[in-house]
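Take a look at this single chain in structure tokens; it is the form predicted alone.
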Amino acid sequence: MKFSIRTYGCQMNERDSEAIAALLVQNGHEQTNVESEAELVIVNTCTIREKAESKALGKLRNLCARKRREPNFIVGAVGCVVQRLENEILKFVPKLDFAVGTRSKAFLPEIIEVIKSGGGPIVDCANEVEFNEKAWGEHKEGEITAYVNIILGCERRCAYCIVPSVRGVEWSREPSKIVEEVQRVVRLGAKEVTLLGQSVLQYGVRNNVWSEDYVSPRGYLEPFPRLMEVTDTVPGIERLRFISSHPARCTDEFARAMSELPSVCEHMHLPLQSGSDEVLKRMRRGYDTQRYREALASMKKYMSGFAITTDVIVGFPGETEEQFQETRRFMEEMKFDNAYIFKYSTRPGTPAAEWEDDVSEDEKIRRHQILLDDQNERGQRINEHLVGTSVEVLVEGVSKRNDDKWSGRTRTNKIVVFDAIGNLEIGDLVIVKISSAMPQTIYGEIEKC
């Protein structure tokens, strides 16, 4: 069958969709990017915020309406919304053919065959613990960047977060399997690899992944620095990234490993969520602003030109105006290169869902806009310091906003737009001299290919 996948949500979902596509192609199906041509459409859903869940369910209902015209058209849902709702999803989308949770994707080819034969609907929300290589280990050829899962699930239990409920218990893959996958994606053309998980610094904490006879060449004792070290040795890897992190495990050894390993980029995404200690405590984040400050200071002690991006939530239950202002001040103190700012929304089953959502929607919008404006001013100041400098850029292709320009990213994950020259190709590493800056984009000319 011709199939298409629509993805909502985070990098984990993007990686899941890629793996699902590879699995279906292996089983004789054909992927198309033109949804109207597809005989099967799969929606990879996100439930981290109410708006994302509503969008995914709305998309599924619209797709199912197509069944009136095309009775053999198949619609399926996968991912976090399915895991949260389980069989209840059929009440929201009655004509849905199948719904598969976050850890049952390996069975999609068989499920599709049952649906084609007239069976269904099928809902499968099994919660297997171990990583299923068949379901998650495949990649597309020719992609210059690749995500590689290293840890599944999350057990931090933040008060607002539904991820532990829908992604399951924390479980780390064997290092040898991860290295094999990194080697495979590099052979397929990847220059940059991102190690992926809900909380990657927890790698190897819950289930021991390193044998007792393994000795780190650099003397690393912690599981994640050891993983970065062995991944760094893969021939052909140019850049190594990871997402997402947590301040509680930003140790001195971790910072030292980032600075010592050549492929590890000078950038980290370290969610803050709030700059108020009282709000952080209610959020059950497991750190205060001083611990966050120390974590970032440790990174900058070992690395010059280190870039930091973050996530922040406004309007958490009970957040006062003064607590919001504390967040504003702390964000300015940390000098974030970029920040992803979200309005709080209640997620069913979380501790915070039991509390009064007492910050009005209008006030959430106001606080959201203030932080966006602050970050634009801060990003402009930070990026202007790059004007006149030369940076290494991994070429990603034609700019999304200007067909006459090309774009790529620095090691610090900044978007760079520039004129293409000569026989420039996607995946090239070039040196660009920066001539101008905007809050989230910098511009320049290629100095050296």
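Given the structure is predicted, the values throughout are model-derived calculations rather than measurements. From 1 onward, residues are counted along the sequence shown.
Below, we refer to the form predicted in complex with S-adenosyl-L-homocysteine (SAH), which is not included among the displayed structures.
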Checklist entry - Contact between I313 and S-adenosyl-L-homocysteine (SAH) in the predicted complex at 4.5 Å, heavy atoms? => result yes
Checklist entry - With the partner left out of view, is P271 within 4.5 angstroms of S-adenosyl-L-homocysteine (SAH) in the predicted complex by any non-hydrogen atom? => result yes
Checklist entry - S276 near S-adenosyl-L-homocysteine (SAH) in the predicted complex, any heavy atom under 4.5 Å? => result no
Checklist entry - How about K105: is it within 4.5 Å of S-adenosyl-L-homocysteine (SAH) in the predicted complex, going by heavy atoms? => result no
Checklist entry - Any idea which of 174-182, 139-147, 242-250, 85-93 reaches within 4.5 Å of S-adenosyl-L-homocysteine (SAH) in the predicted complex, heavy atoms considered? => result 242-250
Item to check | Selected contact from L57, V395, I48, V391, since only one has a non-hydrogen atom within 4.5 angstroms of S-adenosyl-L-homocysteine (SAH) in the predicted complex | outcome: I48
Checklist outcome for this item: The one option of Q323, T309, T289, Q198 with any heavy atom within 4.5 Å of S-adenosyl-L-homocysteine (SAH) in the predicted complex is Q198
Next on the checklist: Going through 149-178, which residues have a heavy atom within 4.5 Å of S-adenosyl-L-homocysteine (SAH) in the predicted complex? Please give them in sequence order.
Outcome noted: Y160, C161
